[in-house]
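There is one chain below, alone, in structure tokens, taken in the form predicted on its own.
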């Protein structure tokens, strides 16, 4: 058990000494820099460690230094925060969380989004292909994904402008053009790559922790009506590329040892490159709020594909990794009706509207709606750690097109 932390950590705070997530913040009147969250404070690492690696507006310089350095710095931070003799020297580097502005924590390189939840994939298949096998033939043989648009990853709190586009014509005529009427959320978990790999090489499942630095929360906003018209034959495009929200705090893998768990039993024998000798399933409990009301509690525990398998598949063809690469799990959904991580599932494609406590109903998102996703995970000795939140509000799109 870690020694007591001399920084006050309120009861129920997600940011305990066991979490120590990294982010980028701007103090009032100051330039952006890297910090670590502890309780209701942010520790300025450049000042506390006297290290210029953390003086810039991105985690990337630190991410590129690799796992040995990540572990060394985490141990240094833990020492600073738990040694009372260091308090006088370190306290000036602490900022009240309410006094700083949180920014995108890393500079994205590439972005890949997976489709790793069997429950989500099966529910979507039942809606779109009734009477057929809900899963496509390859689904249990490889992690399905698509290459997203890294330039529209945005930090939590950024407003999401309702996208416009073409939708399927009702009568076979010209496709209508206008704002999406079926704007959805996707509660996901994201993984930030630190250590790069050379093109033409593979990253094995057992090398996952050598390359991935940490974990954050994701809302992959989706325009379902645009998607239905455009996705055949090449898959998601404009329906996904307008905005993907990312939480400002990245929890290091080293904070998640107690959260590691075995994935669900496999229905098909996996190819050797997907067989793990270590379990990299994660016991993460997500919570989705719409306008302040909890509408779903998905569990990452039931995800069919692990993040290590996703990374191995992403690179099995020799695709390289770069510092700042980012990939997400796809919608996290569980077996229960209250564990579905998107409105398409929660309302069964709009057939069963969601009734909110204030008397309003939703099939999909309306302008002004705000969605917040949080998550917690087991920590050491029965504790729990948190990831903060990813939040976004829908605003109307322009009508000049």
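Please read all numbers here as calculations on a predicted model, not as lab measurements. Positions refer to the first chain, counted from 1.
In what follows, reference is made to the form predicted together with a further copy of the same chain, a form of this protein that is not presented.
The stretch in contact with a further copy of the same chain in the predicted bound form, judged by heavy atoms within 4.5 Å, is 228-236, chosen from 228-236, 210-218, 279-287, 88-96. Of the candidates 252, 145, 196, 263, 145 is the one whose heavy atoms come within 4.5 Å of a further copy of the same chain in the predicted bound form; the others do not.
A heavy atom within 4.5 Å of a further copy of the same chain in the predicted bound form is found for one listed residue only; from 141, 297, 71, 101, this is 141. Mapping the unseen interface onto this chain, residue 205 falls outside it, with no heavy atom inside 4.5 Å of a further copy of the same chain in the predicted bound form.
Remark: residue 241 counts among the residues lining a further copy of the same chain in the predicted bound form, judged by a heavy atom distance of 4.5 Å or less.
Contact between residue 84 and a further copy of the same chain in the predicted bound form is not found at the 4.5 Å heavy atom cutoff. Contact check for residue 149: a heavy atom falls within 4.5 Å of a further copy of the same chain in the predicted bound form. With respect to a further copy of the same chain in the predicted bound form, the three residues 182, 293 and 353 uniformly fall beyond 4.5 angstroms at the level of their nearest heavy atom.
Residues are counted as partner-facing when one of their heavy atoms sits within 4.5 Å of a further copy of the same chain in the predicted bound form; in 309-344 these are 313, 314, 316, 317, 319, 320, 321, 322, 325, in sequence order.
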